[in-house]
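Coming up are structure 1 and structure 2: the same protein chain in two forms, each one given alone as structure tokens.
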Structure 1
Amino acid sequence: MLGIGIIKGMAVTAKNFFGSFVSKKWLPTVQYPEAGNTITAFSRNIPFLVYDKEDSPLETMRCVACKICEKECPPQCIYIVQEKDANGKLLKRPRIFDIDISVCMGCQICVEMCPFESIKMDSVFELSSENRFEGLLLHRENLLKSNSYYHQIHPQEAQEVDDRLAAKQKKAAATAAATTPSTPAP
């Protein structure tokens, strides 16, 4: 029958409208901020960088500045510059890691493409700023968050990532031990 979808939609609207007079549970609108937290376990808003040790975030950050996320980002909102030492040799960490969240569409492609499990999606959504240009450009220091923070917001996913990384390190250690020649005892 033609128009059955419109009739079903209007029935749902009418049910919520008349039900809202009887009980608050029929109200589809969340009265934020009075009603409390609206973040669910599935909320994913903006990316952040993960580091492992609380006392040294820059040294233990998982990002190695491979720039895969920068290349794969559809709106091109990620900007990375690799750090160099005093001799000009490239180090395996970013000196600059910026994300323009005014352009970021939260697609999570950067998270999916990262081979080092260093970039994840945060649940934070209150990002208002008086400065619409610099306030919406997040730098490396603003993006760094600890692995324990990641465990707080997405515990099951974080544990799976930690297990994968531990298995990778164990396999690499076993391979390194197998390829290292043993010295004979005199």
Structure 2
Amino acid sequence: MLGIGIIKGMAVTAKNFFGSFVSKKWLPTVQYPEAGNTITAFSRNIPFLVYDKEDSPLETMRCVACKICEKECPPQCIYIVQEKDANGKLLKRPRIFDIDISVCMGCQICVEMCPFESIKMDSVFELSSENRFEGLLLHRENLLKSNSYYHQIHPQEAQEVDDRLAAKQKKAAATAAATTPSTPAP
């Protein structure tokens, strides 16, 4: 019959309409903020910096201030200044690591590019601030989050990263062990 498609379509929308009154399946809306939020393990929002030991974030942060992410970031929202010790010698650590989250578009390219598994994506989203300039510029201290937090928000990914790092370390140790004897003693 001509026009049966329209009737079928109307039936589908009617099913959705009445279904939304009876079942959660047809009405997945969550009443944020009263009913809390539903962050899944797949949520990716802005980047953060990983450190390993809970008690010493600055000492165990993985970032070496290589500035690869700064160069790769499409909207150029990362700003890094390398740290120097008292003698003016460059340290493998950033003194300033700023991300302007009003500019960051969450593309995750910094994460892809970092060779040291140091910058990862966070899943926080309640980032609004009363000051739209300084309030949205996150500094090193705001960005540093522990590896256990990473495990908490993205368990599977964090485990993979840990395995990778462990394998790398083992390999480095193995090459070190293999090369050490061959080097002639000074």
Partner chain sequence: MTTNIDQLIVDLCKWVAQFSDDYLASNFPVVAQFLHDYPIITNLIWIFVCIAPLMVVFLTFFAIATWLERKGLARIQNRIGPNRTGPLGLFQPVADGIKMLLKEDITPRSSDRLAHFLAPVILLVPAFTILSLLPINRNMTAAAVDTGLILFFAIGSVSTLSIFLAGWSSRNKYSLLGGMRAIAQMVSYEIPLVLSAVTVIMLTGSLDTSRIVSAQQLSSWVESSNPWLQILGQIVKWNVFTPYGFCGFLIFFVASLAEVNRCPFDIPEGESEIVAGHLTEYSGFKYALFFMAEYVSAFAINGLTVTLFLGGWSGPNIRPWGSDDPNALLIPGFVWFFAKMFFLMLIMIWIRGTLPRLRVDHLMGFAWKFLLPLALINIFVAGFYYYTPWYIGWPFGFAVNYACYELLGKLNRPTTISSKRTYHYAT
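Numbers given to residues start at 1 and step along the sequence of structure 1. Here, rigid core means the biggest group of C-alpha atoms that superpose within 1.5 Å across both forms. Treat the numbers as computed from the prediction; the structure is a model and nothing was measured.
Participant: Choose the one of the two that is the form predicted in complex with the partner chain.
Facilitator: Of the two, structure 2 is the form predicted in complex with the partner chain.
Participant: Tell me, please, whether between the two structures the C-alpha of R164 is shifted by 2 Å or more, with the rigid core used for superposition.
Facilitator: No; that C-alpha moves by less than 2 Å between the two structures.
Participant: Could you tell me whether the Cα atom of V12 shifts by at least 2 Å between the two structures after core superposition?
Facilitator: Shift of 2 Å or more: yes.
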